[in-house]
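Okay, so here's just one chain, in structure tokens, the form predicted on its own.
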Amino acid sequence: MDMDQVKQTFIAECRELLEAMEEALLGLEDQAEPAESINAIFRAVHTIKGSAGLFGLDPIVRFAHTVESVMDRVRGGQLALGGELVGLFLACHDHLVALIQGISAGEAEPEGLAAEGDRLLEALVPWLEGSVATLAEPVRPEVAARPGGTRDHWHLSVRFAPTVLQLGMDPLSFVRFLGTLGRMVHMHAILDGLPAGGAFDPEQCYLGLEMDLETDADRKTLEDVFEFVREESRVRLIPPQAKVEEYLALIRELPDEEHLLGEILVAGGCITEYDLAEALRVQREEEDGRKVGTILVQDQDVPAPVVAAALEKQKKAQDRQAGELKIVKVSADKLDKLVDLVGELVIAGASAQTRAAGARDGSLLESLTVVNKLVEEIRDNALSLRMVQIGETFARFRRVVRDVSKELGKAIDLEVQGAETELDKSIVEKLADPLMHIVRNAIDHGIETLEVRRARGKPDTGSLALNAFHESGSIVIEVSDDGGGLDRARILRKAVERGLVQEGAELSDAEINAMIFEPGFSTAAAVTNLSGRGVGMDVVRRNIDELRGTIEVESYEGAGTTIRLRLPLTLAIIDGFMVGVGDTTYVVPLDMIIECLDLGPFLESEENHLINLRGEVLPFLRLREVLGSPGERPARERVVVVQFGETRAGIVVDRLLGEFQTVIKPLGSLFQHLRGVGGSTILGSGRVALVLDVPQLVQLASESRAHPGRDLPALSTNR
């Protein structure tokens, strides 16, 4: 059994439980009936404590036990749940996250966390009834070990009952009998309970023994030695290391039938019926009812790996009973590797198709068409594996909004819409930081203080909204607030002061709004620990550019601001449409194309670059001019009508070459800032084609319409 894999499963489950715990905590203050959320939090902490106990992670067990004790009082109605206690529970949640992170990094309790844990435990004291309900350190006898760290003998820990002598039993008789079963390697008498002076009763037994016995006897045989004193005395049998491996093998060989954990351990010979009955008795008597596996491990009746193996056996049986495995956890690296291989398969398929076409082999072309269809289905399924819901990212901001708004003394409600919207995992990972900047700026600069809101006749509580939805082959993410909006006059003055624009320059609202993304640009009157240094929004735009997305600002002074991000659904493989200009081939993302047509019948104005699409006048740009391609225009030019957001434009090309599965390759560092190009791809012929960046080309066309007569700029760096 791979214990590392079992521990990784434990870590993953703890993280899921902690995420659920944080979500439940953040929703508590707004719920009229929070009983279910409180129970969910209690269950999460209780489960983490129990699972940590299986691995002997005592720092987590002790900390979670105290948190659980306080939460239990809340659950029982003995404590009222207010903002202070929620904040304390959130801090405890963060500490558990740090402890789990430490386990993931191979540290039971990372340096520095012990002090934080003690501080939080002290903070929990006033919420407990009586003294701190910390879980005592488990009493574990010293166990002799081989120099290499493993034991090859049984360890027996016995605490005789005081009445043993009165019952006519001689403790030494047990030692002598054990000697007949094997070789006594070590024995140590425990006399801690021996009273002093007149309190000593010669009829009472105060003896305890710690013994190491080298024997081939099984657990049942050793347990039977103490049969007549077992009920009153305390007997612990710890198997040798070799026995652990034997237990693991026995459990693996058991049939995959659904059994309770204790039944599996008994069937594997790991514990006896008596051990199981004793653990169940302890469980019944405990208020919080630890799991049987936890009790057996903490009492050292059975090693943690054996319990983990039994749990895995139990889970396999349950899965088999269920008839299907609904969820399989797969490493993200494996998914990335799969998508990369599918991309190579797409390129190889295109190459084979091109060669078959050149050879004019009809049957081969027909076969390749079938293969390529299957490859396309594999591609779609592979990409769908990496699609995740944006809600997981949005959920993080509940905590951010709560903490930052409290720090600033503002009351803010967060509204989330479109959490189920899916996009590529690689995009989600790169989106978290830009969204964090935007949200924190909205709280700090966007939403006004209570006094200002009241003066403006607004509700005391500000509103912040996160929204996500699909539109025209892209995903749109909006961050909206009902704050004061951008002060464009102030932004313009600041831009003039910094020499970004000339004095008296006439700029559109959008151009002024875009100034906030200039490096180092800030209109904040004071610098806070959240913002105000002009660092952040330029990084946001750079990150969004790297994702081949766009960012726009819609703001109304006194009414609020919406920052809108438009991103591609995936960065890996798309359906493309090939077009030609001169001898060069380009690829346009297919989901952004509305239609293709001849330029001549629809040309409205050559001078102003306008076409008339059945009554709708659209700007167009001629790719040949923008790219600076040599050669004459063909007599018959084609227009590819594209749409990004709500804006449509035409791209004039020489030829239309058809659809093409496009594996997007990143541009080299020299071309990363080239406007109008989002990447490259390899054609079936082996040649490289550039993938056009439709959002930037649409923006370029719109600019040409706003400034008729101005020469279109050639593709160039935008920085």
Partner chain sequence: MLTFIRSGPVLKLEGELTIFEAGEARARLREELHQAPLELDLSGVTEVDTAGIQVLLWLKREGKAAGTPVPFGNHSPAVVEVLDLLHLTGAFGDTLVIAPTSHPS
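Basically, rigid core = biggest C-alpha set you can superpose within 1.5 Å across the two forms. This structure is a prediction, so every number in the text was calculated from the model and none was measured. Residue numbers count along the first chain shown, from 1.
Keep in mind that the form predicted together with the partner chain is not shown, yet the notes after this line are about it.
Asker: Of 606-614, 198-206, 493-501, 538-546, which is the one stretch near the partner chain in the predicted complex, taking non-hydrogen atoms within 4.5 angstroms as near?
Answerer: Comparing against the partner chain in the predicted complex, the contact stretch is 198-206.
Asker: Counting only non-hydrogen atoms and a 4.5 angstroms cut-off, does A80 reach the partner chain in the predicted complex?
Answerer: Because no heavy atom of A80 falls inside 4.5 Å of the partner chain in the predicted complex, the answer is no.
Asker: Is there a heavy atom of V328 no more than 4.5 Å from a heavy atom of the partner chain in the predicted complex?
Answerer: Residue-level check for V328: no, no contact with the partner chain.
Asker: Wondering, does V292 line up within 4.5 Å of the partner chain in the predicted complex on heavy atoms?
Answerer: No - in the predicted complex, heavy atoms of V292 and the partner chain never come within 4.5 Å of each other.
Asker: Is there any non-hydrogen atom of P171 lying within 4.5 Å of the partner chain in the predicted complex?
Answerer: P171: contacts the partner chain in the predicted complex.
Asker: Could you tell me which one of R176, K373, R119, K316 places a heavy atom within 4.5 Å of the partner chain in the predicted complex?
Answerer: For this set of options, the contacting one is R176.
Asker: Have a look at A123, V416, M387, L165 for me and say which one sits with a heavy atom within 4.5 Å of the partner chain in the predicted complex.
Answerer: Of A123, V416, M387, L165, the residue with a heavy atom within 4.5 Å of the partner chain in the predicted complex is L165.
Asker: Superpose on the rigid core, then tell me if the C-alpha of A161 is displaced by 2 angstroms or more between this form and the one not shown.
Answerer: Comparing the forms between this form and the one not shown, which are aligned on their rigid core, A161 does shift its C-alpha by 2 Å or more.
Asker: After superposing the rigid core, is the C-alpha displacement of D170 2 Å or more between this form and the one not shown?
Answerer: Superposed on the core, D170 moves its C-alpha 2 Å or more between this form and the one not shown.
Asker: So, does D424 move by 2 Å or more at the CA between this form and the one not shown, with the core held fixed?
Answerer: Result for D424: no, shift under 2 Å.
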